[in-house]
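Quick setup: one chain, the form predicted on its own, written in C-alpha cells, and binding and motion questions come after.
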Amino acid sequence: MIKIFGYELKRILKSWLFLAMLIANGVFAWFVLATEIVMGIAYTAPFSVWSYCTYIGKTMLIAVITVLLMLAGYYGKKQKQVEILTLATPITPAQQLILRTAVLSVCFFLLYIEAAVLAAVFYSSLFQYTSFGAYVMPSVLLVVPCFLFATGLGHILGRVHQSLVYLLLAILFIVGLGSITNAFDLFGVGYFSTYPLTLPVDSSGEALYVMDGAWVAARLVYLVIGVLLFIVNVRIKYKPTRA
C-alpha cells in the first residue's frame, strides 16, 4: 500500500498540471501580497491575522481548483489505464479511495506551504515581522475544512459523472470570487476582510483578532460535512455490487 501511495504521489507531483498550478499559485500569492496585503486588510496591519487569513483564503481558491482538477482525472477514461496496475495489487476499492485522498491532501498542503513560506519571506523582509505563531490556529480552521469539504463532495460527484466535478469546480470558483461576508464563507476572504470593521479598535486604531464563535462553528460544520462525505465514499466503495 505504501508503494502504491509513493507511485501515485510521484506521478501526480511530476505531472504538468501540478507543476503549472504550483507556479501559478506562487506568482498569484506574491501578487496578492505585493498589491493587496501590503496595504493591510480592513485597516489592520499587513501582518495581522485578518490580513494573513484573507491572503490564505485567496490562495486556497487555486489550491482547491488544483485538487479538483486532479480528482476529476481519477474519474476519467485515461485513469483506467493507470488502474490496471493498481488492480493487480491486493488493494480494496476503499483503500484506493483513501490513498487517492491522501495524495490529494499532500498536493493541497504543498500549495498552502508554498503560500505560507512566501508570506513569511514577505513579512520578515519588508516588516521584520516573525511572530507567525498567531497564524497557526486560524490557518488550520481555514485550510483543513476547506480541503475535506471540497474533496469529499468532489468524490461523491465524480462517482456519478466526471463532468459534475468540473461543475463543482466552477461553482466554487464563483463562490471564491464572490463577496460572501458571513461566517460560512468557505474561503474566508469576504469574512476576514469585513468582520474586523465591526469590532472595536485599540489605541492604534486597529481591530484586534478575536476567534469569533460563529466562524468556529461554521468551520466545524464544513469539517463534519467533509468527514461524513468521506465516510459515505468509503462505504459506497465497500458496498458489494448486486447481480
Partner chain sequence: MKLISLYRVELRRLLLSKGVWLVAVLSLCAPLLGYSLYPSIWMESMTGDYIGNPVLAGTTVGAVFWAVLAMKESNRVYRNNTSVLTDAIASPLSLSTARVIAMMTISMLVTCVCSVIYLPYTMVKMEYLFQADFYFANFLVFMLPTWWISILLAESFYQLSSRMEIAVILYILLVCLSLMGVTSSGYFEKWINPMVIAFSDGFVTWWPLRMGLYTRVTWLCIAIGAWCISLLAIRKYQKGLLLSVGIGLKKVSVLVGAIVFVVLGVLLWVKQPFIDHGPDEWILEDEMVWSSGTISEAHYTIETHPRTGTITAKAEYEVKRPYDGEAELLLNPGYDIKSITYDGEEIAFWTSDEHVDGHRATYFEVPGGSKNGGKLLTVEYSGFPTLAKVMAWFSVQDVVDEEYILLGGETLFPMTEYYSIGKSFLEITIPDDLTPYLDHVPMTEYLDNQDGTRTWSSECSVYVRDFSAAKYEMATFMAGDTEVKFSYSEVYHDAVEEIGAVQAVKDVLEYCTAHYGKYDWIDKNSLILLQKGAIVTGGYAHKGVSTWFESVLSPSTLADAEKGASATDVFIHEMVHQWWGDLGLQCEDDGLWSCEGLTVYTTYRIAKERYGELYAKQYYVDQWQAAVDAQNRNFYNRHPEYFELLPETYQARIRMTNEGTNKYMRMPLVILKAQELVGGEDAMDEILREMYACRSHYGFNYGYEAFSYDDFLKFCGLTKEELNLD
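Just so we're clear, the structure is a prediction, and the values are computed from it rather than from any experiment. Positions refer to the first chain, counted from 1.
What follows is about the form predicted together with the partner chain, which we do not show.
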**Fill in**
Answer key: of 45, 216, 180, 69, within 4.5 Å of the partner chain in the predicted bound form (heavy atoms) is 45
**Message:** Looking at 34, 27, 174, 211 here, can you tell me which has any non-hydrogen atom within 4.5 angstroms of the partner chain in the predicted bound form?
**Reply:** 34
**Asked** Just to confirm, residue 128 within 4.5 Å of the partner chain in the predicted bound form by heavy atoms?
**Response** yes
**Message:** If the criterion is a non-hydrogen atom within 4.5 angstroms, does every one of 12, 110 and 114 touch the partner chain in the predicted bound form?
**Reply:** no
**Fill in**
Counting only non-hydrogen atoms, the one stretch of 136-144, 161-169, 120-128, 101-109 within 4.5 angstroms of the partner chain in the predicted bound form is 120-128
